[in-house]
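Here's a solo chain for you in structure tokens, the form predicted on its own.
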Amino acid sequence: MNIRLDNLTVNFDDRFQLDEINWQLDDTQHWVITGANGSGKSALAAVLAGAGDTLSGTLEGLPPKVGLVSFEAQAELIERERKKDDADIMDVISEGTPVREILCEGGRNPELISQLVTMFKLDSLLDRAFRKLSTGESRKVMLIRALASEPDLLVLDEPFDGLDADTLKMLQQYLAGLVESVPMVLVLNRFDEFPDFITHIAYVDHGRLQHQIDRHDSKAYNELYQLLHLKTTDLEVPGADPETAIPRLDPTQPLVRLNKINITYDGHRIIDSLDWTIERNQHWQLSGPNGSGKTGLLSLITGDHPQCYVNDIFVFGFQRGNGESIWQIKQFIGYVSTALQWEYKVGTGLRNVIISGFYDSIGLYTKATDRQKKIADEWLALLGMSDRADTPFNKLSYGDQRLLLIARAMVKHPPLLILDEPCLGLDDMNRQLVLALIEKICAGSETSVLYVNHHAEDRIKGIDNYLKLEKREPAAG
């Protein structure tokens, strides 16, 4: 068996679409497809069973017999049984098809069916109507049907859901016994349910196959685990520390209001008469090419630009130029940039890195309170780093350092979080980790996020406001 998907785009009744899938499976591999809810992992599994309408690309090498277990297939069988009721006449109420007949449909191996029925403890239910089974019982029937079909490929979408502990263990052992004879593709959300025999992992997001990794590539495996954790965890953005709370702002005023802003360097106007307002709880994406003025615009907001006082700038309740200090401005801002990461070269532990955000310091020079430690540990749990609380920051990967610095900037719950090119220098996996964390912050806090990048099309769920700067070329002399 050698299944090949080349630039395959598949539509599912206009409800969902898989885009440009490139994937190859052979009979020595056993895959898990994983991803967040709605990512397309079940759709990708269904394609291997022949589902969907191909819009472009090619799918080659599907074997003649594919054993499929999925919620969709289970629902279709239940719906089929319900339609039998609709067809009844003369007030005769159908009892429905008994489990025994459901299992034997399609010429399945009767001896194997008998063996599996006993293993799944369904002997007493063989004469019961399929539609009268519980969800867990009907899932067992679906599993027996797939296994007894003696397939060339086994596709199991969340096969362990709804099973009791004993049945789950039995099924895992049974599947392990098929490893040498049947290639398998499992759809699973939980990393702790990945069977030991899995050789490869496919990660799907927004209808695209984003990553394919070898199970034994420990670095890639750990990064994927962390990404899936951020995408699927029920953990929320930790709360603020009331003892180090930022002063309250007037809720009727915007966070930032820039009026007819101009920035000029060496006689060349980089930004010309720009108006921009950032309201409370608004998330913005600021994009534009190098030289378009993104950094200058940010420094007007943070108070670091020398032309602050020749512009009409209102930030966090202050009209610039009326005697306010730069520290009065900065207390309302969390800031992450590549430059900050270069500066943050300390060997302190990860918990202390996050706690340092309460004090806007590089390193921690004040004894942390119990409450601050608790909040820092909640952030580490959100990031999937609880087991590394005391690991030195400078021992982390570049991508993990960036995640920690975002948590550090957010720990005080600033009204405005500025993420200046947060994905710069990151590979694709770490980039997706950072974007997943930003999505989590946008969805779970009252902090306004200002995400700065080069590409307007690189959008993040939860950010609905966009400002794109254009590079102004110097006038011809």
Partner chain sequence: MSNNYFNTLPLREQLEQLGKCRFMSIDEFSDGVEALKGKKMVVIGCGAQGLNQGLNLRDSGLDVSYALRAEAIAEKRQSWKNATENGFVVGTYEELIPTADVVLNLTPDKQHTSVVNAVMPLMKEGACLSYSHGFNIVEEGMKIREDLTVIMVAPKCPGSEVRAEYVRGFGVPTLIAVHEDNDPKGEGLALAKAYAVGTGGHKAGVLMSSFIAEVKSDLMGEQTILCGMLQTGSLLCFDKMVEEGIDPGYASKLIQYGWETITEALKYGGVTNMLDRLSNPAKIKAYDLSEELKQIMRPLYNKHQDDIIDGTFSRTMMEDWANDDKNLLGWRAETAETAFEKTPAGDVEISEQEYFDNGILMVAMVKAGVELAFETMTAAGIIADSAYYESLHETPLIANTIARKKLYEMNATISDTAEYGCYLYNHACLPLLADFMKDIKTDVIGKGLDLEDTGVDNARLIEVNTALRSHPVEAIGAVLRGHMADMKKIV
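Positions refer to the first chain, counted from 1. Heads up, when I say rigid core I mean the largest set of C-alphas that superpose within 1.5 Å between the two forms. Values in this document were obtained by computation on a predicted structure and should not be read as measured data.
Form predicted in complex with the partner chain: not shown, discussed below.
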**Request:** Kindly indicate whether V310, S325 and L364 are, all three, within 4.5 angstroms of the partner chain in the predicted bound form, using heavy atoms.
**Result:** yes
**Prompt:** Taking the shortest heavy atom distance, is Q226 within 4.5 Å of the partner chain in the predicted bound form?
**Reply:** no
**Message:** If we define contact as a non-hydrogen atom of the residue within 4.5 angstroms of the partner, is G347 a contact of the partner chain in the predicted bound form?
**Reply:** yes
**Request:** Would you please decide whether N352 lies within 4.5 angstroms of the partner chain in the predicted bound form, comparing each non-hydrogen atom pair?
**Result:** yes
**Request:** Give a yes or no for P306: in the predicted bound form, does one of its heavy atoms lie within 4.5 Å of a heavy atom belonging to the partner chain?
**Result:** yes
**Complete:** Within 4.5 Å of the partner chain in the predicted bound form, heavy atom basis, the matching stretch of 316-324, 69-77, 159-167, 248-256 is 316-324
**Message:** Could you check, with the core superposed, whether the Cα atom of C308 shifts 2 Å or more between the shown form and the other one?
**Reply:** yes
**Item:** Cα displacement of G363 between the shown form and the other one reaching 2 Å, rigid core superposed
**Value:** no
**Message:** Aligning on the core only, does the CA of N322 end up 2 angstroms or more away between the shown form and the other one?
**Reply:** yes
